[in-house]
Every structure is written in C-alpha cells, then in structure tokens.
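Only one chain is shown below, in structure tokens, and it's the form predicted alone.
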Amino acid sequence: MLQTKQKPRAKPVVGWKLAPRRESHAIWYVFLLPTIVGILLFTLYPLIESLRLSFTRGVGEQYVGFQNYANVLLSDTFWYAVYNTFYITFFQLLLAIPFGFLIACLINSLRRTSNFFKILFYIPNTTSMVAAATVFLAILHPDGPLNYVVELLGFERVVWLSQPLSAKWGAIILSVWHWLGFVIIVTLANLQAIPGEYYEAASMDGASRIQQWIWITIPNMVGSLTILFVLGWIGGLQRFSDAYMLGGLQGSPARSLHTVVGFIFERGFGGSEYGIASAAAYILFIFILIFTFLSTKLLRMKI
C-alpha cells in the first residue's frame, strides 16, 4: 500500500508579517510629528518657562522663591479681579443656560423654520468676541438701542459703562448674547436624541405636554446642562477680551471690569512684572483645576 508523503508544514515567517505593521506605525508617527513638535514648542515649553519665571523677579530674573505667589494672594487688586470674574461668570451661566434650554425646546417643537432660528441664534457665537464687544460699545451707549428698549419697558435710561454695577451687567449681557447660540445648539442636539417612544408612552398614559417636559425632557438633559455648566465656568474664569474691550487695561470704571486674566495682562505686559504675572497665571490654573474637580464631583459627572 502506497503512502503519500506529506510535505512538512512551512513555519510562519514572523519577521515577514510584522514588518508591514511596523512600517504602518512608523508612518503614523511621521504624521503625528508636526503636532507633537507644536505641542512641545507652543504649549509645554511656555508652561515650563512661565513656572520658572513665577519664582523670579526683575530683569535679572533674581530667584525669590514663593514671594511672587504671596504678593499676588495678598493683593487686594487681585481679589477684586477674582470677584469681578466670578460675578460676571455666575450671572452669565445663570441666564444663558436656562434661556438657551427654553429656546432650544421651542425650536425643537417647530415643524418649520427651525433651521432659520438655529442659524439666527448661532450667528453671534461665530463672531469674535472683540468684534462683538465693539458692536456692544454702540449698543451700550446712553443713546443706544439697549436704552431704547429699557425706556420702552418703563425704566430710566442707564449709562451702562459709567457705574461699576451697570458696567458689570453690560459685560453680562454681552457674554450671554455671545454664548447663547452655543447653549442652544448643544441642548438642541440632546433634545433630538431623546427617543420619541418615551413621549408616545407618556401620552398613552395621559401625561400632559408640561408633565412630559418635566419628567422626560429635563432628566434626559442633565448631561448636556452639566457639561455646559463646567465649560462655562472654565471659559468664564479665563475671561479677558470682552472686559478689556469694554473697560480697557484697568477695567474701568473703578476696575469693575478688571478680571483675573486682565490682572495678568496688566502686570505682565503693562508693568513688565513677568514674575507676578506668571504666579497669578498659575494661581488661576489652580482655581480652574479645583473648581472643575468640585463641579464634576458635585454634579456626578463622568469624564
């Protein structure tokens, strides 16, 4: 009986299979190289250099330890800038998020012209804050359109940028107007992602539209409202352009528009105190870090 001789199986050539994979990885690293170099040069290096400067003073960069941090934390001007920043940001979020959510609900209920209103409300957010603030200098003028509306409502005319409180509210109105479109787009996307079966089941159970809005819409919007809250605080604590355009370098009147970043800009570029400015920048970074951590923990947000 003849037996067919089986040929020995060829051993897999490991190197031959791995070579293309290594080559493909190398190509991806080449594409990532410009981004990595950019991050190292324009992000990591300035962070390290700013940290080094925060421990120095003067043109000769004399080492002073934590003295710059102590000077910033003992400065009344700095804490007034912190107060201004928190005040404007708090009322900006308090107005923009609820109003944006309500407007998004109204737009979502429209069968026609919804795209028109989406574009209409989002246009301010596409403009730069500098351009928006320049327009608002005319809107907040004593003879401007905002005072015209105020008088129509039966109130007295307000000279917005002459008193500290009214100047802050001028900045709040500007920031709400500029950020409202972003809030509407984010909440609208979440509204459209809620399954329609929820509303159909609630209607069959006899729930009214308001009950559906309270018990279905709002609970499903918690994630979007939370991320808007956290992003709003992070952006608000870094506020500079709008306050600078309305109040100038010193945040006039009476430094009511002087923010933390304005303090850093004034000391760094106005007074050439780079050590103080760098220390204030790192204190602001710690503020943002602590506030973001607390917000995510209190709101039980998963990142």
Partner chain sequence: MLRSKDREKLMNAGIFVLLALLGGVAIYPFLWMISVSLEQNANVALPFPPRIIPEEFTFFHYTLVFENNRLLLAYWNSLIIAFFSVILSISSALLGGYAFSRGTFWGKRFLFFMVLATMMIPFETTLIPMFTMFNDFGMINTFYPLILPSIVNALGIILAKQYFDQLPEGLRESAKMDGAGEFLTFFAIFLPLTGPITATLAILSFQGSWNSFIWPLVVINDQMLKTVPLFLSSFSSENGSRLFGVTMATASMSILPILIVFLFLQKYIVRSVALSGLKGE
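The shown structure was predicted, so the numbers you read here are calculated from the model rather than taken from an experiment. Positions refer to the first chain, counted from 1.
There is another form of this protein, the form predicted in complex with its partner chain, and it is not shown here; the text below is about that form.
If you check in the model of the complex, do Leu74, Phe229 and Gly232 all have a non-hydrogen atom within 4.5 Å of its partner chain?
Spot residues vs its partner chain: no contact at all.
Please name which of the stretches 160-168, 82-90, 195-203, 104-112 has residues with heavy atoms lying within 4.5 Å of its partner chain in the model of the complex.
After filtering at 4.5 Å, what remains is 104-112.
Would you classify Pro34 as touching its partner chain in the model of the complex, given a 4.5 Å non-hydrogen atom cut-off?
Contact check for Pro34: yes, within 4.5 Å of its partner chain in the model of the complex.
Looking at the partner-bound form in the model of the complex, is Gly38 within 4.5 Å of its partner chain by any heavy atom?
Yes.
is_contact(Leu153, its partner chain) in the model of the complex, heavy atom dist at most 4.5 Å
Answer no; every heavy atom of Leu153 is more than 4.5 Å from its partner chain in the model of the complex.
When the contact criterion is heavy atoms within 4.5 Å, does Ser50 count as touching its partner chain in the model of the complex?
Residue-level check for Ser50: yes, a contact with its partner chain.
Looking at its partner chain in the model of the complex, which residues in 198-233 have at least one heavy atom within 4.5 Å of it?
If the 4.5 Å heavy-atom criterion is applied to its partner chain in the model of the complex, 198-233 yields Arg209, Gly223, Ser224, Ile227, Leu231.
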